[in-house]
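Form predicted on its own, single chain, as structure tokens, below.
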């Protein structure tokens, strides 16, 4: 439904191997496009993200899917329409219009990046319409049926993880914080920091103590190996686009950190 920088859409089959119908609930504290959740389609879920605009858009789409879809597709996929909507003040719009605007900008911005300046203003440029296919009406409505099984919250990951209980499956795909190389992690006013990474490690220990299961996706780096030193760690090769261009691809490695025996 949404595009998101760093989405694990191409890795969902490998990630899905850790899921079992025996889990009582799916929990995801860094929702983004929630592509693994949509792929698994669990019966119960808690989906959260500190991006309140994203969570509001999900909630409005669930409440009024047909109206949101029709309002989005009626808008022309051209630069002038895109920049007109981008400059609008979301605080002066209704919840419905904000959701339509968010979805339209997301499907038409460069590389699916959500990025704001320090004033909180969305500032990603337009991408040509051919760069991203819209979902069909049927695909859109099928996604909504899945979304309706989840509880959505605009929470920091620490708040979300305090609600994890025995029997939960927790998938975490945090922004990458890598000291040894330049990685883009400033999508909003507050970037992901070493302190956040330490908080995450403490929460993983608590999740395990409660009898819940987790899988973390992270760039292959020292920080990831420190994060996963007490758990199973699997290295996997992925394909990435440099600056979003299909002719500038390279291989990279990520790791999966988990307390699930495989």
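Numbering follows the first chain given and starts at 1. This structure is a prediction, so every number in the text was calculated from the model and none was measured.
The discussion below concerns the form predicted in complex with a small molecule, not included here.
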* **Heavy atom of residue 199 within 4.5 Å of the small molecule in the model of the complex** => yes
* Contact flag, residue 173 vs the small molecule in the model of the complex, heavy atom cut 4.5 Å -> yes
* Can any non-hydrogen atom of residue 259 be found within 4.5 angstroms of the small molecule in the model of the complex? -> no
* **the small molecule contact in the model of the complex: residue 53, any heavy atom under 4.5 Å** => no
* Segment assignment from 153-161, 135-143, 117-125, 89-97: heavy atom within 4.5 Å of the small molecule in the model of the complex -> 153-161
